[in-house]
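Okay, here we've got a single chain as structure tokens, the form predicted on its own, with questions on binding and movement later.
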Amino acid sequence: MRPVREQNGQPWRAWLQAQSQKNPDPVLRDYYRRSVLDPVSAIGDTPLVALDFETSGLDPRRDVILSIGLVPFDLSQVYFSQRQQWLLRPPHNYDNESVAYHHITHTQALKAPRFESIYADLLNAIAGHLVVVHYHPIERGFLEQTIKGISNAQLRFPLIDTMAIEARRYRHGWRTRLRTLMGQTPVSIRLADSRRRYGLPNYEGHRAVVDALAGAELLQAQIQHHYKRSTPIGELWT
């Protein structure tokens, strides 16, 4: 078993327990209290929730969250009827060019609620689950920056990154070196391309709740092909 990855010099379990007592934000304290995960728990026994953000760009210090989608699931079933999604009003204007990617117009965004009015609902929806994303710097970076801006408190938690799982197989080790020697381009580990490798259907991209569904199905396929239901979550999270 690989060692459990650590946050701020502590294993994730100790970090979550400490934050459940000392985090200055009562909403975050409650979230941490309900979300202490044991790294030796089997992935097949762990409640999961796929999370996806649509943002105005890639820099959480400058860009903003425009929509959030989440879908609860486990390795046997996706609970799409329990999905939740929010369109958000940003604290400042965003680049018009980004609309071509996320399709959220300024008019739509201006009618939406602010993040601070929904963040307790968001944390309640993911509490007690292991979060699953595709490319964790987006969800982790934007969520941390946004919550810090409204409560001056810290939110960080372990998550499974389906892109990182693909990278371990297709961007690291002898496969990558061989492709480089042969002059071939690296294997794509983007969400849609990763799904095709497992025979999963194409979905319309850049809709937060649909991308969350796509990520949930991808993790199910990854575990089925490369791991076991008994694999400890501490081997998978980051």
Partner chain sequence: MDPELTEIRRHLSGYPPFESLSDALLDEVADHIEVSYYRAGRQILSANQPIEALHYVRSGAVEVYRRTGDLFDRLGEGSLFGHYGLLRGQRVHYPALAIEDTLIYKIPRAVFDHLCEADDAFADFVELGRPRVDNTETRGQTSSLASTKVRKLVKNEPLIAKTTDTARQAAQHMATEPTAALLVVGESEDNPRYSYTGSDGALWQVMGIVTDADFRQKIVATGRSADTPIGEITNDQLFVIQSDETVQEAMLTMLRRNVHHLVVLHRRRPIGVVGLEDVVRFETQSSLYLIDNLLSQNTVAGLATLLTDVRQSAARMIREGADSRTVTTALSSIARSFMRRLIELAEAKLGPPPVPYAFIAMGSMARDEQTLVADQDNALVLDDAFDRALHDGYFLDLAKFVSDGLDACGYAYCKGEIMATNPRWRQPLSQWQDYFRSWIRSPAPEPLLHSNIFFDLDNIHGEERFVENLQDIISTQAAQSPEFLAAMARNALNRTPPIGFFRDFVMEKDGRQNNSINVKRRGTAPLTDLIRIHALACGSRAQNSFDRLKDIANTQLLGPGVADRLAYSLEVLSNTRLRHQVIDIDRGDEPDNNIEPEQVPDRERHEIKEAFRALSQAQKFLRFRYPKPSKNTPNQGRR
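As the structure is a prediction and not an experimental result, all values here were calculated from the model. Residue numbers count along the first chain shown, from 1.
What comes next is about the form predicted together with the partner chain, which does not appear here.
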property: Contact test in the model of the complex: Gln154 vs the partner chain, heavy atoms, 4.5 Å; result: no
property: Proximity of His225 to the partner chain in the model of the complex, heavy atoms at 4.5 Å; result: yes
property: The partner chain contact in the model of the complex: Asp25, any heavy atom under 4.5 Å; result: no
property: Partner contact for Glu204 in the model of the complex: the partner chain, 4.5 angstroms, heavy atom; result: yes
property: Which of 208-216, 57-65, 40-48, 26-34 sits within 4.5 Å of the partner chain in the model of the complex, heavy atom basis; result: 208-216
property: Partner-contacting position among Ala164, Leu123, Val131, Val78 - heavy atom within 4.5 Å of the partner chain in the model of the complex; result: Val78
